[in-house]
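The chain below stands alone, shown as structure tokens; this is the form predicted alone.
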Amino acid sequence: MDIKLRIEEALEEAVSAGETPSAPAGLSAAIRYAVFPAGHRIRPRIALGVARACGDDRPGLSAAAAASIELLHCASLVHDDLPAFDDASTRRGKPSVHRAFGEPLAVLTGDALIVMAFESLARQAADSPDRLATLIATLGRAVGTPSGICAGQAWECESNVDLSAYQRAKTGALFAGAAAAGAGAAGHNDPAWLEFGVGLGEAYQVADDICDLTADPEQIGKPTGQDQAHARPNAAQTLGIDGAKKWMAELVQRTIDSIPDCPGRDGLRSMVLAEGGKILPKGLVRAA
């Protein structure tokens, strides 16, 4: 089955499980609004790409792991857009959740998505208890503290920011979690997959920094200029656009070189190169 279809079906199953007549209608609507329609789905694509490279012997489990990673990502976007943080008006080309449903429901939506990620993974892993503990730990590490996405958001509240720790937590942690979850779902627990994911996250962060300075908000579906507005570190501001593109290309190559030995290494390499070309503004892809 196509990777995109596997992701969307797994997400639909996870979200639908919470849409019962006894659930608050507004919360159910806000959750669905936050998850659909699709964004780039880069993180779950990485999870399934790694699982496939490792043999993907339990496709139901790998699809659930990929969906859980995306649910956690969606939760982070809902919370990141809140007035307490970025106060972003749009996300994925439509009003952000707090603009569409109000701030209280947006907070609860993010919370519910986090719980849904772990619940849906546990439900799908009923036939794979031997791999569940590792997957739960992988997801927890990716979202919690000291180095998950919660810690990454918290670094923005500090007066003295450790740039490396900030970038690894804010972006790299969920990419690392995606790679490790994909491998873990396929029965491969080599720690090198974490570093592979971190490298992807660093490359994506540089691309995101470039987009924040150069992209059309309509094109990327969210406000730009946020780093400057909130005095956050930005690689494109520090290195210049050309320097940032060069650095991104180096990170992508370094990440490709770090792919652990696995049956589908060549296919994963091609996937990483293809994904790298999708995340820059169109006018900059060739130059990168």
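So that there is no doubt, residue numbering starts at 1 and follows the sequence shown. Treat the numbers as computed from the prediction; the structure is a model and nothing was measured.
Here the subject shifts to the form predicted in complex with a further copy of the same chain, a form of this protein not shown in this document.
ask   = At the 4.5 Å heavy atom threshold, is Ala249 in contact with a further copy of the same chain in the predicted complex?
value = Output for Ala249 is no: heavy atoms all beyond 4.5 Å of a further copy of the same chain.
request  = Verify the contact flag for Arg168: yes if a non-hydrogen atom of it lies within 4.5 Å of a non-hydrogen atom of a further copy of the same chain in the predicted complex, no if not.
outcome  = Close contact is absent here: in the predicted complex, Arg168 is far from a further copy of the same chain, nothing within 4.5 Å, heavy atoms only.
ask   = Is Val107 close to a further copy of the same chain in the predicted complex, meaning a heavy atom pair under 4.5 Å apart or at it?
value = It does: once a further copy of the same chain is placed as it appears in the predicted complex, Val107 has a heavy atom within 4.5 Å of it.
message = If we define contact as a non-hydrogen atom of the residue within 4.5 angstroms of the partner, is Thr145 a contact of a further copy of the same chain in the predicted complex?
response = Yes, contact at 4.5 Å.
task = Work out which of the listed stretches, 89 to 97, 172 to 180, 201 to 209, 107 to 115, brings a heavy atom within 4.5 angstroms of a further copy of the same chain in the predicted complex.
result = Among the listed stretches, the partner-contacting one is 107 to 115.
message = What I'd like checked is whether Ser22, Ala25 and Ala133 together line a further copy of the same chain in the predicted complex, meaning each has a non-hydrogen atom within 4.5 Å of it.
response = Yes.
request  = Have a look at Leu61, Ile31, Ala53, Ile46 for me and say which one sits with a heavy atom within 4.5 Å of a further copy of the same chain in the predicted complex.
outcome  = It is Ile31.
ask   = Can you tell me which residues in 145 to 180 come within 4.5 angstroms of a further copy of the same chain in the predicted complex, by heavy atoms?
value = Residues within 4.5 Å: Thr145, Pro146, Cys150, Ala151, Gln153, Ala154, Trp155, Cys157, Glu158, Ala165.
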